[in-house]
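Take a look at this one chain, the form predicted on its own, written out in structure tokens.
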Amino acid sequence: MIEVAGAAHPLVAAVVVSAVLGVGAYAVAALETGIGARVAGHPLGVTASLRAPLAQAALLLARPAVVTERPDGPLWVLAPALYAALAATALSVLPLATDFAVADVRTGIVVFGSAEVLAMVAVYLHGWAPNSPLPLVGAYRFIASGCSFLLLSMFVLIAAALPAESMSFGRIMASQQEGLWNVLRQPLGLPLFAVVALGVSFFGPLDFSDGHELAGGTAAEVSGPPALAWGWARRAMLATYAIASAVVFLAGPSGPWLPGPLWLALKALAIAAALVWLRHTVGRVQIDRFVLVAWTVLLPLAFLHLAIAGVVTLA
């Protein structure tokens, strides 16, 4: 059982979080290559899918970085670092094994939610810093959409915390070991949380800030190593949400025969593959329609989901 409010040594925490984010971002990039090629009708082998992200990273490292006229240089460098740091912060409160978490604090949901909100600041800074119109438009679009989908996360995570009687992700995971997984007892939770994952990482259908119609949006003026850093940070955030989904709805490391961390990796990989598949099969929705649906349909649905979870817990 995870000790509530336990914390790993700072050096251990830094190594574990960096390793998990690095492997997670690489896995998402490999899934993008493999699933994208299969959807396009030109399937690649496993080896080719694993090699492609490394080749692309080497190509970006060899390219020069673009410098726009009168940019805010420090903010341009800070934005990817801040976004990646927020992914690391959110990951730190998630249990990575049955008896290990970097910092399984009692208010884990609050910490996770704070990282989600501050991600809006990081994306906005990335669009503001180049001093260019399209990146700024992408930044404002992320703010406009983020105000609608971040509320979904709050309702979904609180609903998952009710059966556990705790806001600790370790307790939420433990409550599923003693009964049904949340994906079964709260079936609306995982789909709604997937919307949040796609929104915060501006991925696939909800890529409002870095979409092709904006020539890359906040990344329109980014190339070379900065482009690699921003792409890695985005994939690290998506990997963090995949792990969070596995912990909150699929009981995290719980499973027979295999070691707990391997079960967590397999569950997170399956969720990440589903999100990547959505990117390649579902077109980007219009932002005005998404915001309308989010406020008039998804948010009431999330509130109903929370109310049902509360009634079931009291009963």
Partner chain sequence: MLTDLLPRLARHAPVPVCLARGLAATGVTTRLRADPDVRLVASPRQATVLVIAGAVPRAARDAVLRVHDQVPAPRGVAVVGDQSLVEWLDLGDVPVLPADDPVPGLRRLHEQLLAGAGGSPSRGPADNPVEWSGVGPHGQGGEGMMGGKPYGRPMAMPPQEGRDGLALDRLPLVFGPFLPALPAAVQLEVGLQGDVLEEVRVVPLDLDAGVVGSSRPLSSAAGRYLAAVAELCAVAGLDALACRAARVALDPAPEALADLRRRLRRRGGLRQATDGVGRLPDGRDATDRWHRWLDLAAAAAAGEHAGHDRVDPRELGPALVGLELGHALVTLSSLRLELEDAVAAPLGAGA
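Numbering follows the first chain given and starts at 1. Quick caveat, the model's predicted, so the values are computed rather than measured.
Keep in mind that the form predicted in complex with the partner chain is not shown, yet the notes after this line are about it.
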(request) Give a yes or no for I287: in the model of the complex, does one of its heavy atoms lie within 4.5 Å of a heavy atom belonging to the partner chain? (result) yes
(message) If we define contact as a non-hydrogen atom of the residue within 4.5 angstroms of the partner, is A274 a contact of the partner chain in the model of the complex?
(response) no
(request) Consider A85 of the chain shown here, and say whether it contacts the partner chain in the model of the complex, taking contact as heavy atoms within 4.5 Å. (result) no
(request) Determine whether any heavy atom of V46 comes within 4.5 Å of a heavy atom of the partner chain in the model of the complex, and answer yes or no. (result) no
(message) Among the candidate stretches 247-255, 23-31, 260-268, 55-63, which one is within 4.5 Å of the partner chain in the model of the complex when only heavy atoms are counted?
(response) 55-63
(request) Could you spot which one of V183, A97, A215, L78 gets a heavy atom to within 4.5 Å of the partner chain in the model of the complex? (result) A215
(request) Have a look at L162, A220, M154, V105 for me and say which one sits with a heavy atom within 4.5 Å of the partner chain in the model of the complex. (result) A220
(message) Going through 22-37, which residues have a heavy atom within 4.5 Å of the partner chain in the model of the complex? Please give them in sequence order.
(response) G36
